[in-house]
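Starting off, we have a lone chain in the form predicted alone, written out as structure tokens.
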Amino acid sequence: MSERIRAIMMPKWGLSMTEGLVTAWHLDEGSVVEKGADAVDIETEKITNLFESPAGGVLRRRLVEPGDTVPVGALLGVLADAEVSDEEIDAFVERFNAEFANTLAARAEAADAGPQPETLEIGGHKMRYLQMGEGELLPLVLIHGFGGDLNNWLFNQPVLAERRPVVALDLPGHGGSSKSMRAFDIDSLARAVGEFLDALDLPLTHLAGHSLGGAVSARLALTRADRVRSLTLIASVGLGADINMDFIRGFIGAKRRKDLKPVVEQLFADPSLVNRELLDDLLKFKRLDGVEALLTRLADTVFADGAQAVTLRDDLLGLDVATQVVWGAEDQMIPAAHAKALSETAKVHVLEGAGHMVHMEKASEVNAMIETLAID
């Protein structure tokens, strides 16, 4: 691909994404674009997200318009230096589309279009994980929150894996992992993650955890600081007592889409991000045998008597591991004020326009924060 002509392509977010619907452009043809500028809103089967320009230049062509649905990897727009002629742009578009047609044909024949989840058997329990990326940098491990799974990192893992191995896992009782737990507390989950890292032969990693996964990451770092190079806590449990128990009870108890929708909308500053497919996936998980009872017991332990039962603040203040805290200013699950708990020793980032799922709503900013801290 010419360095003078650069493509804006339909991204791939998550394992199941094969196409995306362009809902809005933030750039006009002829505008000067900086790398990272808001480019286009894309709706997938899971969620809607803002895609940022992967490069700088002048936007010479928009190849799709709002309302168009195109496959992953398709050409959305063309950036080029000002001196590049229209004829060169035409030739680039024609060549790209011809090559992309061959790519689509190859995809149709391929059984495996990319990294797929794997499972490990650890102490009689199955743990599912997805590994992306390679390189000599230390691996990064991503740990989701209560009721979530490895797909919660769909906007983060592919980007972070451009420079290093990145592993997203399903905690015990969640996602594709066994629907059982040895004990229903943070310590047990942290031990399970430690055993998982042993099984993958990952003696030293960077950790990033969201919500319940933040507390799990923190507990692992506190018990095995020699295994953790950096710690990113995203809207983490364990930094204060407050917790939105209406959400917890509503999430566990919802049996139908219409009941679950207003509950899940509380996770986002922009509730329109919650679509039908996201809700259906959650309902499929919740309907599996044993899940409702497991989530109930976990909530009763971790959020006993309507408050967070584990307090990690004082211990984390003495932790000799590079740490940062990331929060969404509009978090309705755990108050953003909890971010200040570690302000004496950790970098604190509170992002406007984001809720509890700040790593999804502000993926680019959060990805950059993780990369900045995760220095070997």
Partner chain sequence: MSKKTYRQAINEALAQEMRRDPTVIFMGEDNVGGMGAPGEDDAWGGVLGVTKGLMPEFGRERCLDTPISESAFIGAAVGAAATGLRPVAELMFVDFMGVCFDQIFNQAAKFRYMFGGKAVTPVVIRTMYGAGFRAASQHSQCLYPLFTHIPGLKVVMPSSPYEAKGLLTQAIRDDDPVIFFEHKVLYDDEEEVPDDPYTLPFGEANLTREGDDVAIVTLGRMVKLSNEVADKLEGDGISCTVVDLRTTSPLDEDTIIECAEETGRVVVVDEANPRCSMATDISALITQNAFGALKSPIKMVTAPHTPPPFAPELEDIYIPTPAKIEAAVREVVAYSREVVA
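Positions refer to the first chain, counted from 1. Keep in mind it's a predicted model, so treat the numbers as computed, not measured.
The same protein also exists as the form predicted together with the partner chain; that form is not shown, yet it is the one meant from here on.
Although the partner is absent here, R229 is not a contact residue: none of its heavy atoms lies within 4.5 angstroms of the partner chain in the predicted bound form.
Using a 4.5 angstroms limit between non-hydrogen atoms, K179 touches the partner chain in the predicted bound form. Proximity of D289 to the partner chain in the predicted bound form: non-hydrogen atoms within 4.5 Å are present. Within 4.5 Å of any heavy atom of the partner chain in the predicted bound form lies no heavy atom of R224.
Of the candidate stretches 94-102, 280-288, 153-161, 136-144, only 280-288 contains residues with a heavy atom within 4.5 Å of the partner chain in the predicted bound form. Interface residues of 256-288, taken as those with a heavy atom within 4.5 Å of the partner chain in the predicted bound form (partner not displayed): R256, R257, K258, R276, K284, R287, L288, in sequence order.
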